[in-house]
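Read the single chain below, which is given as structure tokens and is the form predicted alone.
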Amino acid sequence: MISALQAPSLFKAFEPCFRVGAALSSRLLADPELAQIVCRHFNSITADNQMKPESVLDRAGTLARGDSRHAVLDFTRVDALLSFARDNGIPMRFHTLLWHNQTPVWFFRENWEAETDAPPASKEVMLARLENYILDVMNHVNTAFPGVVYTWDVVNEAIEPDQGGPGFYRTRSPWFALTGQDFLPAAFRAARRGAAPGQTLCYNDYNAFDPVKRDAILRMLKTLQAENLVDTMGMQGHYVLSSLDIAQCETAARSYAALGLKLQVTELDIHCASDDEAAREALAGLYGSWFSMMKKLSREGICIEAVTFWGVTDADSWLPGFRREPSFPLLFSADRQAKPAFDAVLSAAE
């Protein structure tokens, strides 16, 4: 193996097809070597957590403002990554404007109360808060960092067949509980108003390859398309080595593209519980086949905006904490060496 800093540039290999990105935080970028690896291999970046609502909303400022429909925002963490992206000429995905998770409880309560049993805000108030939040975020980003963000994850993970809601909406989401299905088009309407020319609006979800969930997402996307509210389908790529079905992923990608949407793979990793030689070779084979499939779609004329890895090296992957077991899911090892999976992906670009 060779070091990540000596390996051929990943994004340059795929420039004719799509951007290659990584999710990261400004904490990781405080490491000069890791920052160099990012600049060498990726021409798109995504914040792992720093642009989610809990990192942006300022409760103390909101209480001081005294407006029940308009939260105060703190862009300190957002600006750290946007500054890195601007200074290094790397376009950025904004992840995410609306999510049921990592949004503080007080944002959903009357008078911004922090207690979980406080009365919920009304539907009218919540939709106003949502619109104001989205427009304030987009205005700040597009004014302070023009041209840096190229796509917005407007809504994240709104569909969940296992919860059995109408249209397979995620019924345990506080957004659904307080606004029904109205939050989703409301978010996209606001984002369309706030978007700068050339920016695309993305719906993002996991298991988007699953046939039942895929069909539910397709129905939802068609309702957004009726108002020209969505441009891109974001297919999260949190896969498992033992169960990844590449043909199923291809079928889903073609289904979304058939709507006339652009595609992004937004959170790519493949859980691999072992780092022995056999596991590394199996991971390499799967990554090589998966990227060959994506390149084939691109060559056929399907517009793939980006493929984004969820992390840079195995050391900063979220999977060990999430799965509570070892995981070695990325192209670079914890000691920043290019794994056989990297070589396989590079070969797929040829």
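Not measured: the values here are computed from a predicted model. Residue indices: 1-based, along the sequence shown.
If you look for the form predicted in complex with a small molecule, you will not find it shown, but the lines that follow are about it.
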If the cut-off is 4.5 angstroms on heavy atoms, which of these, His238, Lys262, Arg280, His140, is the one near the small molecule in the predicted complex? His238
Listed residue (Trp99, Phe84, Phe75, Phe145) with a non-hydrogen atom within 4.5 angstroms of the small molecule in the predicted complex: Trp99
Interface segment, criterion being heavy atoms within 4.5 Å of the small molecule in the predicted complex, picked from 188-196, 169-177, 155-163, 119-127: 155-163
Does any part of His41 reach within 4.5 Å of the small molecule in the predicted complex? Heavy atoms only, please. no
Even though the partner isn't displayed, in the predicted complex is Glu267 close enough to the small molecule, meaning a heavy atom within 4.5 Å? yes
Can Trp310 be called a contact residue for the small molecule in the predicted complex at 4.5 Å between heavy atoms? yes
Though only this chain appears here, would His95 touch the small molecule in the predicted complex if you measure heavy atom gaps against 4.5 Å? yes
